[in-house]
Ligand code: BTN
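Consider the single chain below, provided in structure tokens and representing the form predicted on its own.
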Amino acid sequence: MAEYPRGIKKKYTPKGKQGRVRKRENPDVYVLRCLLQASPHFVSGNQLAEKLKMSRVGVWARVDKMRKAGLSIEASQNRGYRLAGEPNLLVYPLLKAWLKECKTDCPFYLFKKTDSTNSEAERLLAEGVETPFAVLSHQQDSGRGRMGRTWHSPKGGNLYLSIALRPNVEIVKFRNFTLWQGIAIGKFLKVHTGVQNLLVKWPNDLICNNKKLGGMLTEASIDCDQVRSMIFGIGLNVNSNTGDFPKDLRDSSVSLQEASGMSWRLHELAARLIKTCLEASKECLSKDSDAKLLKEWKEMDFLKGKKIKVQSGKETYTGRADGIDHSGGLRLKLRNGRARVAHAGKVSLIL
């Protein structure tokens, strides 16, 4: 269980705008929002009852229900309630509360298990669900990565997230979408966790300490050179023990917990990640996005200067990675001194 900070047993009373129950807001979400704002202090049970227009027994019943869902909520006489910890599985009202705290009004769908969050998002798009929206799951039976690879998706401790958009823009404007997301997510994780040895491997892997921390997959529906709908998926190893992964993945995988030496609150991480991805989507469409991408990629480029092998279809070639070009293609310096750009293919290091 990931803990919340502990403080002196001071009582906090919801005040002003943040202390009002918003129209049609779920009472559980309101209670958790107040507990987040008060952390590490306690929130008055009387004040919660007054704001929610219910009895203190009614407030206690809601707190008890959230405890049964896995949240650790402490109670103190004459002080009220305090959020003390959260499980390694997402709980809907707490994620909703964190999104509100992050000022991100993004609808989301949370599943205990699904085949793939990208597939789930695709089905919701087909049903006409308004975008943007996010899909998260505790577990994936058929999580997938680039080029049809399987993404190991055990239950508990990790994030499996997809975000669906209907941009309706020319495909050229979103050609570097995955690279933009990788840069934005990598920079966010560095700031949020303090783990600095975190880079992006072209085109869709998050690397930490030379091991895979996460993978990204972008899938789009294109009509007449227009991107009609787009799904961006990410699998991120957060609090998992990679020693429990399948044998072929153990030595090449790492989690944020292993890299930082501490566990992370999944709900806050998920909410801030959703916000980061939505902001990166907008930035990808800005006028100077190509020039900015080239500059920022240099700071996050895992392959820079390394000897690599690229397998593209039946062709295989080697060279030294030399950043990316304006179209997002991977530049290589071949042994004969010539330059080449890879736009697709499997990339591996030559040790």
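From 1 onward, residues are counted along the sequence shown. This one's a predicted model, so the numbers in the text were calculated from it and none came from an experiment.
The same protein has a further form, the form predicted in complex with this ligand, not shown here; the description that follows concerns it.
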Self-check item: in the model of the complex, the residue from 234, 213, 230, 179 that sits within 4.5 Å of this ligand by heavy atoms
Solution: 234
Quiz item: From the list 269, 207, 217, 110, which entry has a heavy atom within 4.5 Å of this ligand in the model of the complex?
Solution: 217
Quiz item: Though only this chain appears here, would residue 80 touch this ligand in the model of the complex if you measure heavy atom gaps against 4.5 Å?
Solution: no
Quiz item: Does this ligand get within 4.5 angstroms of any non-hydrogen atom of residue 140 in the model of the complex?
Solution: yes
Quiz item: Does residue 97 make contact with this ligand in the model of the complex, using a 4.5 Å heavy atom cut-off?
Solution: no
Quiz item: Can residue 264 be called a contact residue for this ligand in the model of the complex at 4.5 Å between heavy atoms?
Solution: no
Practice problem: Look at the candidate spot formed by 190, 192 and 257 and say whether this ligand comes within 4.5 Å of a heavy atom in all three of them in the model of the complex. | Solution: no
Quiz item: Using a 4.5 Å heavy atom cut-off, which stretch among 80 to 88, 277 to 285, 158 to 166, 193 to 201 contacts this ligand in the model of the complex?
Solution: 158 to 166
Quiz item: Going by this ligand in the model of the complex, which residues of 114 to 130 come within 4.5 Å of it through any heavy atom?
Solution: 116, 117, 118
